[in-house]
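A single chain, nothing else alongside it, follows as structure tokens in the form predicted on its own.
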């Protein structure tokens, strides 16, 4: 598996990087260009960001195909999100613990005290109502007080001034509980932000491994060699030795900062988090500032989708015990279709017409994974085995072709929702509706609703006849 710089080199070799040499304003202009370049399927390197000392790079993982390149999988070999999930699953099952080094490239330059200046970094302001400039491509490293182990996650961080930030912890983040522990206990809390890390660590941080498995270990499992770590400057935290930039600091719980950023769901998300006082910045001699374009944009959503793999596996394991009729299950996260809400498509081989609705009700009650299904899933659709649950249009076809009776619709009028469903924020108890749809054929209608197929379709190759 390629590391951060070798993967950048691969993109360069393929002509997949747009280099912008003209000066770019980090407020809005930078985000506009990032968006246009990403939507053209390219990565970017901004070499002259106004007021900054370092280049900004990103757009590396705008599609699933880019993950295929990252793992050096041959072009003719099939690769889907299922194959990618299996790669991550193997790494979780066979983690490799990191190796501790005395120093590393990220220690080439060490800045403390008055030398600390966050304005040297090309931090963008993305959207018109954002609170300011946000670091989006960093992984955060803290120590879990419950286990004593290091915890790694991905968090947005608002730059407040040259030496302070606020680092966001959402409700589904381990960092939220770590914040709460230190806030209540009064114990000093250290945090480090690593920018431009090995893609294996980025995937592990997003991928939500079990609490008993280290993200550093998962990264090693993905790379098939231990990740190299070095000690932070001002704490016992360990940070990636080959990262581009490390920002270290202490959390100040005496100040809570409210902030807003345009999110993956195509809407704004207000949050409140404590102050982060920067105590050191270390970086390579020639660092690249890796940034993920916020909002409902390709790289943000492609990277974020890795978080769904573990949830999908947990839900599948939970439900298949009760319903062996399940053939496959697909968690759908698509902000451009469903905003902040997830959907669940389940393919079954039913034996009775009662089973799909029983399954829908059980699925909404499932608490497998890191969040209850009813909290974040707006819609569950159950389909027959001839429907491709990875094809959104095929599932929609099943709904509109096989549902004639209102009894095949299950409505939950008041379900507690998660923080990102902003339309429910003003409703009592933050509640909204949930819907389940039995889009399977009634058994008495199977012959009437059979889909027309061409026998031997998959075995016929056009190139054999042309």
Ligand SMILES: Cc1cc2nc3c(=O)[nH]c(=O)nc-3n(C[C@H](O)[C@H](O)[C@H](O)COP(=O)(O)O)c2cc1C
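Residue numbers count along the first chain shown, from 1. Source: prediction; values computed, not measured.
A second form of this protein, the form predicted together with this ligand, is not displayed here; the remarks below concern that form.
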### Query
in the model of the complex, which of 237-245, 377-385, 155-163, 341-349 comes within 4.5 Å of this ligand (heavy atoms)?
155-163
### Query
Might residue 175 be said to contact this ligand in the model of the complex, defining contact as any heavy atom within 4.5 Å?
yes
### Query
Applying a 4.5 Å heavy atom distance criterion, does residue 145 contact this ligand in the model of the complex?
no
### Message
Is residue 151 near this ligand? Define near as a heavy atom within 4.5 Å, in the model of the complex.
### Response
yes
### residue 207, heavy atom within 4.5 angstroms of this ligand in the model of the complex
yes
### Single option in 214, 168, 125, 366 placed near this ligand in the model of the complex, where near means a heavy atom within 4.5 Å
168
### Query
Which of these residues, 223, 300, 284, 81, gets a heavy atom within 4.5 Å of this ligand in the model of the complex?
300
